[in-house]
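Let's start with one chain on its own, the form predicted on its own, as structure tokens.
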């Protein structure tokens, strides 16, 4: 599968790129700065032992089968406004979490209720947006050679899109858990704020979440 990771020069995007490249997928790193994307792609290729491409965000979205949003929440409107055509009909995975550090409230969702729903509104109804991978620590993703002890919670409106995302998660050893419609993306994203607080309080880098009661 050809996966374009917009904002792929950041820790979360680069970590996902490494894991998926090692699993045999074709990866394209997207960035506002094409040269920065190419430099990060070369770095990831060296780690994964597989060629990785670097392009602008727009080029990466157009070339990919699956588009991953690993962008800052504040930059969604500026980036996605020009990508509607490039994402039409494609699975779009939103890993975006609207966090505001240094204020009174850590989780600060947009008017739509979540960053995933904001992305859906910006890209239009033909984009098949799935919210996922928020709770997988970038530290865990980037350290290859071990399983990640965490479930993959995901939600979205398109059953086939969710199936594709679940398979991408299973391919890196995660157990996918479907938590329903995209309207559940707000609570899903908000859990990341809780995990960030746990990490800070207990001096961790990799707290995660697992759902009990489900068959293994």
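It should be emphasised that the depicted structure is a prediction, and the values quoted were computed from it without experimental measurement. Residue numbers count along the first chain shown, from 1.
Beyond the structure shown, there is the form predicted together with a small molecule, which is absent from this document and is the topic of what follows.
Using a 4.5 Å cutoff between non-hydrogen atoms, residue 134 counts as a contact of the small molecule in the predicted bound form. When contacts are judged by a 4.5 Å heavy atom cut-off, residue 9 counts as touching the small molecule in the predicted bound form. The closest heavy atom approach of residue 71 to the small molecule in the predicted bound form falls within 4.5 Å. Proximity of residue 96 to the small molecule in the predicted bound form: non-hydrogen atoms within 4.5 Å are present. Contact with the small molecule in the predicted bound form, defined as any heavy atom within 4.5 Å, is confined among 162-170, 26-34, 41-49, 59-67 to 26-34. Between the small molecule and the residues 86, 138, 122, 106, the one pair within 4.5 Å by heavy atoms in the predicted bound form involves 138.
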